[in-house]
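In the block that follows, a single chain appears as structure tokens, in the form predicted alone.
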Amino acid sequence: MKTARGFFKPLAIGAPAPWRELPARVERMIHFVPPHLEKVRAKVGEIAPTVDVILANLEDAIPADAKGAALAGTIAMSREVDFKALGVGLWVRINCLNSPWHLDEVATLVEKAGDRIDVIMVPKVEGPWDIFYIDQLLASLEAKHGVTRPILLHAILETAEGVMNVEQIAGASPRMQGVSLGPADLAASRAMKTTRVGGGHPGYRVIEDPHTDGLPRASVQQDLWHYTFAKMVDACAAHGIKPFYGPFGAIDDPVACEQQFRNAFLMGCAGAWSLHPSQIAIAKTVFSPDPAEVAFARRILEAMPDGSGVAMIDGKMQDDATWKQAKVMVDCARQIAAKDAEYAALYGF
């Protein structure tokens, strides 16, 4: 690992200095776009104002013979839409680091769109060594092409080895923006017996003990991803970066999508992927704190301005610990309100 003094040094002569704190951005939904499809790309200017992040996808779901067209479409999209003026992040998911495409992708992206891309999403990250490699590569390319701000990195957690090493991945570089759970590839890596992309499974449940009278036993479906979520969230929180839920593949089940997103939100995730326009509104609602919760949190902060002491509000005791919880809620709401006029009105900011 790098020394404390060396952690924030540029990795190449002439490269921009690394971020010491993440830029303050709202990222409730990362909306995936297949940039090789001109018909879809043509709608990006219309969709962008409704989302927090547009992601140009170069990896899964892009056929091998369309990789070049997807890369060219990404560059075109970065020029056709002024994402910065819209307050929308522009991310790119490259192909995995053992693929024949990633090197040309990174080189082309930095050369032709380096000052317009906010984050590069790296799939199938298995350890800090993957981040060290792409960190050094980006620094060299940024220096070569005169990029003035460092492109951040976002890792996808989708192998058993990646889960085992998530703490080291999260702290591998000051470029790290966050980590997403990739449940489909992770399920395959673990040899899990499911073909679902995220969400629960009707076979993964608990059942109560038998009744002496023979009545049916209550049984409740459980969350397959709870352990991995918790481990990922802890790693990200410890290193000051953001955890995200990844894809929810059942586009035809918005109720289950909302529940999975809500589980992630309550556990500390900042946002989730939207694979279809119908999931944008779900993510926006779920990853924006409820106005009633925000109002109650504000009352806690007002009752204990310096965060010390104790207060009783509506029969519930408040102390320094609940003050910290309230501050998390209010800070999140303020950040969203600064970007989203609808929620600014709902929150009263």
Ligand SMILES: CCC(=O)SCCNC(=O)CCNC(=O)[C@H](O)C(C)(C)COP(=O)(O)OP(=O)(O)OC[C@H]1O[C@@H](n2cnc3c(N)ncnc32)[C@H](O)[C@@H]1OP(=O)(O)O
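Everything numeric here is computed off the predicted structure, so don't read it as measured data. Position 1 is the first residue in the sequence shown; the rest follow in order.
Absent from the display: the form predicted together with this ligand. The rest refers to it.
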ask   = Of these, 55-63, 285-293, 313-321, 299-307, which stretch puts a heavy atom within 4.5 angstroms of this ligand in the model of the complex?
value = 55-63
query = So which of P128, G178, P247, G89 reaches within 4.5 angstroms of this ligand in the model of the complex, heavy atom to heavy atom?
reply = P247
ask   = Of L275, I120, I241, L109, which one comes within 4.5 Å of this ligand in the model of the complex, counting heavy atoms only?
value = L275
inquiry  = Using a 4.5 angstroms cut-off on non-hydrogen atoms, would G68 count as touching this ligand in the model of the complex?
reply    = no
inquiry  = in the model of the complex, is there a heavy atom of this ligand that lies within 4.5 Å of any heavy atom of R93, even though the partner is absent here?
reply    = yes
4.5 Å heavy atom contact, P34 and this ligand in the model of the complex = yes
key: this ligand contact at M267 in the model of the complex, heavy atom, 4.5 Å   = no
message = Suppose contact means a heavy atom within 4.5 Å; in the model of the complex, does that hold for all of V40, A184 and V197 with this ligand?
response = yes
